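Coming up is one lone chain in structure tokens, specifically the form predicted alone.
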């Protein structure tokens, strides 16, 4: 197990190095003048030249990369070209909002998709299986922005049950403000015993979280169903049925364990993808998260911010995959020798 862990860590480090090289080159050769953006509008040629030297853009590309990696090793992600603030502090201010949204969406997808996929696999070809597959295809295929608008129309405009946008209501901001601890408003309000703010944050979280949950929900249903059908056809599962074990006991207690590894991998990949793929959702629901920050950085050619977000998401991706690999290796020891 230790050898397996070391191999996975080294592979993750190589992935991060390759990611940093690729992103660094792309951000440097992209059209635009970061030095002019750094100085601001109506800058003189002399000011732009000084900014070019200050930012190190006059040095050869390999030297720039070496300097960046040295700073990165000391926890320095550089300064934002647009705001002149440390990129690390900006990411730290935007990341919790996206994490709260994505974690909530993934939890919803797992709680709904896992049992639905199991139940669909229990009676393949039946009515329930057909409905489950249809829901899975629709949830994966529907455009995210369209689903977001639809939920707003139904639950805000027509039913008046849930708020339109934002993380909390303006009344809560004015009368019951939440002191930032973790950046998760639902968690921070609970820690402070601020129940008014908690329920406001929870109500604002529902619609964007459900929108985020749609895509992973469909993947989980289809993956669990397909994996479970393969496992159910194995000899040891057929033996359990011959011994008189109930169908659902076999599925949830024995077969699901062997069907989980590919599903866990899909969940980890979807989680990492969703962190920066939430731009449309955050735009529709006015959610101040990392997706909006990343999109703005790309538009303005703010290469330190783009690099910082890429590295942070890459680290999250590698860590999640490492955790999933360890969990899968614990479930199925054969994986350790692959």
Partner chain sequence: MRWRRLAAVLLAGAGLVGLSACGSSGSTGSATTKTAVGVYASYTQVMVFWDPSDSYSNEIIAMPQMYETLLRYDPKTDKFLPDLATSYSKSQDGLTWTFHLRHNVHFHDGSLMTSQNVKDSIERTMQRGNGAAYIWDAVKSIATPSKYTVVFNLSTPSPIDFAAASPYAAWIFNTAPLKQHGQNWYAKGHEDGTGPYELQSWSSGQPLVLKAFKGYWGGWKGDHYTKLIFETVGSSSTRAQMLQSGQLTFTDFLPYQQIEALKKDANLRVTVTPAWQNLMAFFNTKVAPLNNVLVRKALSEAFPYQEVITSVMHGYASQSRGPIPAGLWGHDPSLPQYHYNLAGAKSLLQQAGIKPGSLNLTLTYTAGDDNESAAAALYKASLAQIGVNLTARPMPWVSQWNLAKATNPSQRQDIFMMYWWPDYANPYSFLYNLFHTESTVNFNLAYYYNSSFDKLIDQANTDSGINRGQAVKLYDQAQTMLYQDAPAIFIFDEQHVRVIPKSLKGYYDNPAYTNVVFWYDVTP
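Bear in mind the structure is a predicted one, so any value in this text is a computation, not a measurement. Residue numbers count along the first chain shown, from 1. Here the rigid core means the biggest group of C-alpha atoms that line up within 1.5 Å when the two forms are laid on top of each other.
If you look for the form predicted together with the partner chain, you will not find it shown, but the lines that follow are about it.
Visitor: Which residue among 115, 262, 177, 78 has a heavy atom within 4.5 angstroms of the partner chain in the model of the complex?
Guide: Looking at 115, 262, 177, 78 one by one, just 177 meets the 4.5 Å heavy-atom criterion.
Visitor: Is it the case that residue 198, even though its partner is missing from this view, gets within 4.5 Å of the partner chain in the model of the complex, heavy atoms only?
Guide: No - in the model of the complex, heavy atoms of residue 198 and the partner chain never come within 4.5 Å of each other.
Visitor: Is residue 156 close to the partner chain in the model of the complex, meaning a heavy atom pair under 4.5 Å apart or at it?
Guide: The answer is yes: residue 156 has a heavy atom within 4.5 Å of the partner chain.
Visitor: Looking at the partner-bound form in the model of the complex, is residue 83 within 4.5 Å of the partner chain by any heavy atom?
Guide: Answer yes; at least one heavy atom of residue 83 falls within 4.5 Å of the partner chain in the model of the complex.
Visitor: Do residue 185 and the partner chain come within 4.5 Å of each other in the model of the complex, heavy atoms counted?
Guide: Residue-level check for residue 185: yes, a contact with the partner chain.
Visitor: Looking in the model of the complex, is the partner chain within 4.5 Å of a heavy atom from each of 37, 41 and 193?
Guide: Every residue of the candidate spot has a heavy atom within 4.5 Å of the partner chain in the model of the complex.
Visitor: In terms of non-hydrogen atoms within 4.5 angstroms, which of the given stretches 92-100, 106-114, 67-75, 205-213 touches the partner chain in the model of the complex?
Guide: Residues of 92-100 come within 4.5 Å of the partner.
Visitor: For the stretch 161-176, I need every residue with any heavy atom inside 4.5 Å of the partner chain in the model of the complex, listed N to C.
Guide: Contacting residues: 164, 165, 167, 170, 171, 173, 174, 175, 176.
Visitor: Just checking, between the shown form and the other one and with the core aligned, does residue 286 shift 2 Å or more at the CA?
Guide: After core superposition, the displacement of the residue 286 C-alpha between the shown form and the other one stays below 2 Å, so no.
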